[in-house]
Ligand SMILES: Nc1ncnc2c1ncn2[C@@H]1O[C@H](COP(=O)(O)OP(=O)(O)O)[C@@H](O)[C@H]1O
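Single chain ahead, written as structure tokens, the form predicted alone.
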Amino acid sequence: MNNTLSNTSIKCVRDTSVTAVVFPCLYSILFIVALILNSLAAWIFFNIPSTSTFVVYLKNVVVADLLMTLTIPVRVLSDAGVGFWQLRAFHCRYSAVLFYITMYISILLLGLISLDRYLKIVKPFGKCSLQRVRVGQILSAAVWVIMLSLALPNVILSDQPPAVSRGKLKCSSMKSKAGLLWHEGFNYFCQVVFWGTLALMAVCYTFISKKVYESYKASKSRSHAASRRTKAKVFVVVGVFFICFAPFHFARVPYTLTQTRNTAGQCQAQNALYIAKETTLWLSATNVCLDPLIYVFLCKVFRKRLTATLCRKPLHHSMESPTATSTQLEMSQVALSTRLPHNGMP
């Protein structure tokens, strides 16, 4: 049975005439931009004290994005066919696994960030246990440990002799029968992770938007402007998340089934799904460049430190909390405006 699965995976010759040229170029550009942005983000964030769960989660996202970025050069060389088949085998067994797992770690952490922001708006004057820094550190560590543990069998069970055909190697040919089954099951689990996180983000940001709008409306000040601003935040964060990751998760399950099931008679469909998977995967990978933009959008202290760094100006300390989010600051301004007379006088 094991040999049957392996042989099935190599009967269809994969058409890489486009992917071997286009995607290495696209990933090379992505790597350069992502390395610059995430290195700068890491330098700024690790000069900010971890005094809130918000910063703890953002720091972990930076680490996940940096690790994912560092796997890109191996993918570029592997896809371009540079080097021996051993490089492709290394990519299949180790580098690709790290690429995928850091992507899902980042997804889960963005979900925790959304929940954290929601709790800070709902309970601005009282902390629940999920808002404690220690709890944030434990949850972050749990995400890393669980996801890495679930990914480890993909490494261990890729233990078959690589089946090289016409100088090319399919990653699925290195997996044992148990490895193929685990690979398929893990993909289903990742689908749950993504769609569950997307639903959580949509709910959290919808309530945040509603809360800020209601606060502005109650204070009788700039309610329409507040509505536009908070709706923009919902659209940018959730919209970017959906645009980057949703297409890949539509394409991934059918592609995985062509790897793990007997579909030798559908070679044209396999190649089409392969190209669709590679295209949407690159789109997902662009998130490592977009996450730093979300840091600027959500974290005011990050924005200030970035501006000071780029302009080479000293950062002036203010009375604002070093870990306050943009939404929290909006809420505090609304609370202040409700205490002031509405006669146009300061």
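In case it trips you up, residue 1 is the first one in the sequence shown, and so on. The structure presented is a predicted model; accordingly, all values stated were derived computationally and were not measured.
The following text describes the form predicted in complex with the ligand, which does not appear among the structures shown.
S.K.: Though only this chain appears here, would S106 touch the ligand in the model of the complex if you measure heavy atom gaps against 4.5 Å?
M.R.: Answer no; every heavy atom of S106 is more than 4.5 Å from the ligand in the model of the complex.
S.K.: Is there a heavy atom of R305 no more than 4.5 Å from a heavy atom of the ligand in the model of the complex?
M.R.: R305: no, not in contact with the ligand in the model of the complex.
S.K.: When the contact criterion is heavy atoms within 4.5 Å, does N187 count as touching the ligand in the model of the complex?
M.R.: Contact check for N187: yes, within 4.5 Å of the ligand in the model of the complex.
S.K.: My question is simply whether R252 lines the interface with the ligand in the model of the complex - judged by any non-hydrogen atom within 4.5 Å.
M.R.: Residue-level check for R252: yes, a contact with the ligand.
S.K.: Of the listed stretches (201 to 209, 132 to 140, 239 to 247, 88 to 96), which one has a non-hydrogen atom within 4.5 Å of the ligand in the model of the complex?
M.R.: Contact criterion met by 88 to 96 only.
S.K.: Does the ligand, in the model of the complex, lie within 4.5 angstroms of each residue among A151, N154 and K170, using heavy atoms as the measure?
M.R.: Yes, all three are in contact.
S.K.: Which residue among Y213, Y118, W144, Y100 has a heavy atom within 4.5 angstroms of the ligand in the model of the complex?
M.R.: The residue from Y213, Y118, W144, Y100 that makes the contact is Y100.
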